[in-house]
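The form predicted on its own is given below as one chain in structure tokens.
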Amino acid sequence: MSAHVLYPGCLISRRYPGFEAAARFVAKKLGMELVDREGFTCCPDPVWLRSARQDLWLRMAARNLAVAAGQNGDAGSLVALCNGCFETLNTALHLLKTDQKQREQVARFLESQGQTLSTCLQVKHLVQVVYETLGPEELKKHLVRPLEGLTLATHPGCHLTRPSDIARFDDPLNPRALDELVEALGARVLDYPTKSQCCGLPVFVTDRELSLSLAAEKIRAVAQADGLVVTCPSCFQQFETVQMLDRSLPRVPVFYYFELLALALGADPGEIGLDQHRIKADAVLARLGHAKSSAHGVSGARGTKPN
């Protein structure tokens, strides 16, 4: 695989460093070079700030693209670990390529900051890179500890596949890529009717009740699974939070996809932060032959509720 500039995003860097550790472990095992750049800021998020100040949102995103491109503007691709970061940076890149007026305004802003506008990059989510450049069948050949015997539900999330004409990855109405990547690890994927439904986080600020009810509906729908697999730290946060707030919900451990892939490639749970989850996955890890987590949290197992 070729080299990619890594954009870890602020939520992962500040709250879920284990996700980045898992991604780096996976990249090393799969022969993918991740290049670090100094100077990244928040992407910024594709919902709240963009709704309030699209001009500021675009300038911040363009600045991150300039940082990723480097002084020579020769970087080939920028890889995000978060669905929201992926949508922001990819959509901003599309706007800068297709809207001359906005491109000129942003270029002048960047020049005032001593930077140069760059639209030569490709923006990808790491899930997209693994799926498109390696693929599920080839991925199977690298596994050392397959996740056999597990039943997992997937939540691709809204921002990974939408807007579809810009994301250009998977089917937004019937996403399959994450299912195939989970199946490649040896697990069975649980089919459920609300797979494409939003986690609810984007409306948390304006309608907390609606936000949490959307997440709770998902948790109930996948109660019989051993875990829920996401590709976005915001979705991960939402699904753990609703279970911590609503004690009536079944406990369903939530996994960032690259945590599971790292486990299947031989990582120890502790080195990728699995002991830091609030909804503990001890039962799942035990079935995979790993020792019980020592950190505090709420234990989760298939279809169970806390005492």
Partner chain sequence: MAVRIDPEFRRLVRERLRDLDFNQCYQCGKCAASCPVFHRSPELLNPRKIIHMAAIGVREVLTQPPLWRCTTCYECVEQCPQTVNFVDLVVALRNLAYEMGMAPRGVQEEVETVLKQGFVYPLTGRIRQVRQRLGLPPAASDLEGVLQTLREVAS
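Being a predicted model, the structure only gives us computed values, none of them experimental. Positions refer to the first chain, counted from 1.
From this point on, the text means the form predicted in complex with the partner chain, which you will not see here.
Which of 132-140, 119-127, 205-213, 145-153 sits within 4.5 Å of the partner chain in the model of the complex, heavy atom basis | Heavy-atom contact with the partner occurs in 205-213.
Heavy atom within 4.5 Å of the partner chain in the model of the complex: which of 70, 39, 31, 266?
-> When the partner chain is considered in the model of the complex, the option within 4.5 Å is 39.
Are 13, 48 and 172 jointly within 4.5 Å of the partner chain in the model of the complex, each by at least one heavy atom?
-> Checking in the model of the complex: 13, 48 and 172 are all within 4.5 Å of the partner chain.
Taking heavy atoms and a 4.5 Å cut-off, does residue 53 contact the partner chain in the model of the complex?
-> Yes.
Give a yes or no for residue 24: in the model of the complex, does one of its heavy atoms lie within 4.5 Å of a heavy atom belonging to the partner chain?
-> Yes, residue 24 is a contact residue.
Is there a heavy atom of residue 251 no more than 4.5 Å from a heavy atom of the partner chain in the model of the complex?
-> Contact with the partner chain, no.
Can any non-hydrogen atom of residue 62 be found within 4.5 angstroms of the partner chain in the model of the complex?
-> Output for residue 62 is no: heavy atoms all beyond 4.5 Å of the partner chain.
Heavy atom within 4.5 Å of the partner chain in the model of the complex - qualifying residues of 86-109 = Heavy-atom contacts to the partner chain in the model of the complex: 87, 101, 109.
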